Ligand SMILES: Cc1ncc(COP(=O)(O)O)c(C=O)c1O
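Have a look below at one chain only, the form predicted alone, in structure tokens format.
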């Protein structure tokens, strides 16, 4: 028998160390399929361990399929045990810039950890044993009841617990809605142009055709919508992304009229409607016609995207179809849902949003002031609501790609507008978020962004 050069790492016991060393040798290809390995007596002698330890390790690896043994013959490496080809892990998000002004996330350092932990503890303490089984696929009833009260009070949503479906964020909800539309024979869905590219990707992945409809200074162009031959439209009336437009009252009524007359569905993405700085937040579109509008919200901007909790307020005509689509696939952790229910009922979310509204208002003002001083070649819009500004290039000799390259070289995260446009002329500018940097780091990050823009004056 050939000697085995095995390194038994200390800790966890000799048997576990031997199993780990043999698995590693087989996976790496150092022990090839079909090759004999030493007898248990021989290996025990070589390693200075008991034979019973080696026998137990061999038996475990035989059970797992790494080794093969037949009576009267040597134990061998299983024929199918070959060294796998290493597959590099895909980096979905890329490196995180040191000074991050990309929109889409709140300040992670602002998460109310201690208050959330208290809600988790109360939820676990008060929950009956039955709450720790498989959760209601519509969402736990405690959270649906708390959301109905919260959304009615803060977003003028017409909802009760029977109309609410709790899902794993807006992306998951949009995918399930797309499947539901497809089941009902809808193949074409209108999307705002420009818009977040990810949402178009989700709809197309399901098999739907997306029809881009331009945005003007009052919102989506309803005249273009009427001629689009679509069965649904995805809209962001409170704060359009990335243009920052708030849909006018007249346009809201016009849009509701189109949906009512055509029998189409409206999906209202209320992604950051809680954050308004000049007056009370604009109420929901859903409140104007709950029978045609599907309202979508999350805690991704108000608390954290890590919670993966979102919800739909679903018209009665769609509820059973959506439930058949989601089945048990869509729900986040029942424990997290119970914690959020407690967080809502105790007014903690209201208090947190008020605090962050003050913080983000101050950041909003500081960012606008810096842009006015250091980037006169940018036309800035927005500021009354949301967590980002839109800045378009007024200097046609300057391309957004040059600015993005300079920002990247300085580890400043900046997002260009070009990828957000579907059919109209591509944008030339940036969606500049002000919510991501930690509070203590924001002044430094803003100065680094100013340095980038200052270099193009």
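Here the structure is a predicted model, which means the values were calculated and not measured. Residue numbers count along the first chain shown, from 1.
This next part talks about the form predicted in complex with the ligand, which is not shown.
Among residues of the shown chain, residue 301 is one whose heavy atoms approach the ligand to within 4.5 Å in the predicted complex.
When the ligand is considered in the predicted complex, residue 170 lines it closely, a heavy atom lying within 4.5 Å. Contact check for residue 199: a heavy atom falls within 4.5 Å of the ligand in the predicted complex. Taking the partner from elsewhere, residue 104 is found to have a heavy atom lying within 4.5 Å of the ligand in the predicted complex. Shown here without its partner, the chain carries 274, 368 and 434, none of which come within 4.5 Å of the ligand in the predicted complex through any heavy atom. Stretch 265-273 is the answer when you ask which of 223-231, 265-273, 377-385, 319-327 has residues with heavy atoms within 4.5 Å of the ligand in the predicted complex.
Residue in contact with the ligand in the predicted complex (any heavy atom within 4.5 Å), chosen from 308, 204, 161, 362: 308.
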